[in-house]
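Alright, here's a single protein chain in two forms, structure 1 and structure 2, each given by itself as structure tokens.
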Structure 1
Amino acid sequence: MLNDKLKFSRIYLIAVFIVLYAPIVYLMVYSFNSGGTMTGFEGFTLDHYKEVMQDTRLLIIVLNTFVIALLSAAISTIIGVFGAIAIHFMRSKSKQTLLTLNNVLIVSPDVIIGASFLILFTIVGVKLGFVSVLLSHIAFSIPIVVIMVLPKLQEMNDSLIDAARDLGASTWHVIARVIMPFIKSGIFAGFFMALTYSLDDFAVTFFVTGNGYSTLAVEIYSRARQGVSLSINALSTLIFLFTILLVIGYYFINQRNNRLEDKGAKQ
């Protein structure tokens, strides 16, 4: 009986993963297609990869996308973590209000956020381009970081802080030595969520780009109007492999750290 259940859940899991990964595999296979379209595989070629490597404009856009994602994720994590700490230690009434406001930002549609940023930037006179995209990405990432960090803070026992205080820790010490290590996993989760949100955001970015500055999502979307060219497949394959490498690398570093920590604990 138990075995049956296990079997079923395995099959279910495999089916889910096939559904998730099949489109990506399909896209990757066709990036090697010598025929120009996604209908019918004609032969193996690396031409599309060559095309990507020669398209300087596209490469600049890819780099721009990563710069925006990393910078906005880092900055919004810093702001969001301190925001979450501030919210956590507030009186419960204003805390609720602030949390609701935070959640409103998460659920409101990207199109509306994008349009309001466009209006704001043009009123204030910020030139559309790198700065406007960065600012808006930071802005929509902060609520996500806050929501990722808050549960960790709630898990923390407040007497830890009292104990640190009794032992003579300053406010900065309490934050750096007690709170931060405790909510570390929440901070990383927030950072990576912000990173992915920024990487694939189309709607907000679309409104606030300008003057030749563009990100990958916007570029691919406007190219897709004429049918997705296979060089986009090639580029997507490269980026997918790159992310897989990053994830694997992160996994191994984590493993090593854990082992080191275990050793340290034993000694």
Structure 2
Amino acid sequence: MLNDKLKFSRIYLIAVFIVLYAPIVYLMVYSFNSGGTMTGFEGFTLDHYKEVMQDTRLLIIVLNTFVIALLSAAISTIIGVFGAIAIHFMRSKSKQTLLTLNNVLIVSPDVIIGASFLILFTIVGVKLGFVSVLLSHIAFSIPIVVIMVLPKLQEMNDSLIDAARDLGASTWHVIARVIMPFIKSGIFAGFFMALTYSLDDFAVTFFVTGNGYSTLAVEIYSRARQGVSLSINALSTLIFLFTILLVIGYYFINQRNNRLEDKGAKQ
């Protein structure tokens, strides 16, 4: 009976992953199609990848996207980590209120957030472009970092902080030498989550890009509206492979941190 349940769960999981990955595999296969459509595979070619590499405007947009993603992830991680620390040491009533406000920002529809930023930037007088995109990406990434860091803070034993203070450590030394090393894995997780959210964000960015500045998600959408181009398949394949590399990198960093934590606990 138990074996039957295990078989069913495996089949179910395999079916779910097939449904999730089938469109991506379909897209990747046709990125090598020598034909101009996705209705029939005529032969193998790398022309669509060459077309992507020779498109200077597209390469600049890719560079813009990664600059925005890295900057917004770094800044939102710094703000989010200190925000999570502040929330963790607050009194219960204020803590719950701030956590609720933080969660509301996470579940709010991107369209609403994007429209809100557009109205705000218009009123304040911020020109739409690099600055407006960066500010909006930082804003929606901070709640994600807070959510990733808070569980690590809750796992920490407060006696560590008490012991550090008894030994004469200042507030900054407690944060830098006790809290930060303990929540390091949460900080990495928050940074990578913010990075991936920024890379694939479309809805918010669409509202705040303005004329003359674009990110990859908005550019792909614009090109897809003009018709099916297999260069989009090639570009999407490259981004997907890069994302896999990020995930693999995060996995090994996480494994290394866990080994160091286990080693420290045994000592």
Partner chain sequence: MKQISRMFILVFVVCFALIYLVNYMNRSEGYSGNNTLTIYNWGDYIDPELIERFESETGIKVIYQTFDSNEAMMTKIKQGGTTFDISIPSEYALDKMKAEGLLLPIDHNQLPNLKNIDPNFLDLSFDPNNEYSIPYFWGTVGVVYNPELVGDLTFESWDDLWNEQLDNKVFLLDGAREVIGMGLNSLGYSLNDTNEEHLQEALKKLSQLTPNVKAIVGDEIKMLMANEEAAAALVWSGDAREIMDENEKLDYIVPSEGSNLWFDNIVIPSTARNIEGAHQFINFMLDPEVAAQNTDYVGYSTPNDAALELLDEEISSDERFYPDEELTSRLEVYENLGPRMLSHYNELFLEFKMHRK
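Predicted model only: the values in this text are computed from it and were never measured. C-alpha atoms forming the largest set that superposes within 1.5 Å between two forms make up the rigid core. Numbers given to residues start at 1 and step along the sequence of structure 1.
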Worksheet item: Just one of these is the form predicted in complex with the partner chain; is it 1 or 2?
Response: 1
Practice prompt. Would you say whether residue 202 is displaced between the two structures, judging by a C-alpha shift of 2 Å or more on the superposed rigid core?
Written response: no
Discussion item. So that I can tell if residue 240 moves, could you say whether its C-alpha shifts by at least 2 Å between the two structures after the core superposition?
Written reply: yes
Practice prompt. Could you tell me whether the Cα atom of residue 26 shifts by at least 2 Å between the two structures after core superposition?
Written response: yes
Item to complete: Once both forms sit on the same core, give the Cα displacement of residue 249 between the two structures in angstrom.
Response: 5.2
